[in-house]
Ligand SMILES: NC(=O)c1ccc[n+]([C@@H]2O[C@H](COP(=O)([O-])OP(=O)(O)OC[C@H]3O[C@@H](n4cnc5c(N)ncnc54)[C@H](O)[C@@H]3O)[C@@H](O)[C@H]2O)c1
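So this first bit is one chain, no partners, the form predicted alone, shown in structure tokens.
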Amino acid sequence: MKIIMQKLTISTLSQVVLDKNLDDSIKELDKKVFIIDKNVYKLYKNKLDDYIKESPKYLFDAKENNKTIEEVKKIFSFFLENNVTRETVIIGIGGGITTDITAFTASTFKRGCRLQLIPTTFLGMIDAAIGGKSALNFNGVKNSIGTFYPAEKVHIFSGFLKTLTEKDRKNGWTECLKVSLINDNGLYELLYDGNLIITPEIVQKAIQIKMMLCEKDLYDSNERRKLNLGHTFAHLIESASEYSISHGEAVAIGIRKAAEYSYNEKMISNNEFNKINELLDKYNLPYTVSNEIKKKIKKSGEELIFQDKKAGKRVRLVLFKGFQNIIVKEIYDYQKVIDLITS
């Protein structure tokens, strides 16, 4: 993949570099430490060692259940052992779980260290590493602790996509489809006419759309909330499943439920409802959860939904007011959300 972005910024703080190789500027950094998904390191050891050299590395078991304060304590100890200062560049290499915990630890250690990210999954490249959010899970609640901390630089290297599992691909496609539905941005047509191959054009377009929203609203108080399409439903599903359902699977179901809610409220037509679902169908994304998860949501749904950081006293939903026309609406009847997922 040739360089297709030389300098994209998020609130003038983040630069995204897309290239056919990892950026050699990493080698030139004087003081750096790495947090790396241990499975990624195993797959790409020879290539990564060329960049890491003698720099300290922390191999992270990148599972959703490990995105916790307990793991953060271990990483902080690693930082102390290796004399990390505010001038040290902390570099996270891995998928969204890894970039989340790397950004959180970098943002909080010494009140903020330098940060660069190298996402290795499709989802990480177009979503998790873009926009400056970090997150941890706490007491079973998805992303309930976090900071806003854009990386200095995000390196996009398409070579990592070669070893993605089908599940990882679907996770990425979900987030890609999501941004294509937010407004008329040209991505929907690329995806609808595509053949399920991740192309440089798709990656670039998805990143640009997210970055434009984040530039307008870094702290998630207005326009950026549209990126939460499907997420209120998804976080409820993920928490109830104890993360056995992946983020992408949960968001795909959440987008369908947001469309269904919008249709039931006569906010979209039957044709618009079908058009949304047709795109999700094309990418073989799920419709619903198992009966076992539905039972858990029926039992604990109220508690989980009001632990969602976006809920407050009301439930905030991102809904369709038309095709590629998104609104954020606060509702009091949270039971409608639970009933949609468990129906």
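A residue's number is simply how far along the shown sequence it sits, counting from 1. Between two forms, the rigid core is defined as the largest C-alpha subset superposing within 1.5 Å. All figures in this text were calculated on a predicted structure; none of them were measured in a lab.
The form predicted together with this ligand is left out here; the points below concern that form.
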**Prompt:** So which of 23 to 31, 59 to 67, 46 to 54, 274 to 282 is the stretch with heavy atoms within 4.5 Å of this ligand in the predicted bound form?
**Reply:** 59 to 67
**Request:** Determine whether any heavy atom of G96 comes within 4.5 Å of a heavy atom of this ligand in the predicted bound form, and answer yes or no.
**Result:** yes
**Request:** Determine whether any heavy atom of L123 comes within 4.5 Å of a heavy atom of this ligand in the predicted bound form, and answer yes or no.
**Result:** yes
**Request:** Answer for L164 alone: is it within 4.5 Å of this ligand in the predicted bound form, judged on heavy atom distances?
**Result:** yes
**Prompt:** According to a 4.5 angstroms non-hydrogen atom cut-off, is E265 in contact with this ligand in the predicted bound form?
**Reply:** no
**Complete:** Students should find that, of E260, D217, E201, D168, the residue having a non-hydrogen atom no more than 4.5 angstroms from this ligand in the predicted bound form is D168
**Message:** Quick check on this chain: which one of R256, K153, K133, K205 has a heavy atom within 4.5 Å of this ligand in the predicted bound form?
**Reply:** K133
**Asked** For the stretch 133 to 152, which residues lie within 4.5 Å of this ligand in the predicted bound form by non-hydrogen atom distance?
**Response** K133, K142, N143
**Message:** Quick check: D127 between this form and the one not shown - does its CA shift reach 2 Å or more after fitting the rigid core?
**Reply:** no
**Prompt:** Comparing between this form and the one not shown on the rigid core: C-alpha of A206 shifted by 2 Å or more?
**Reply:** no
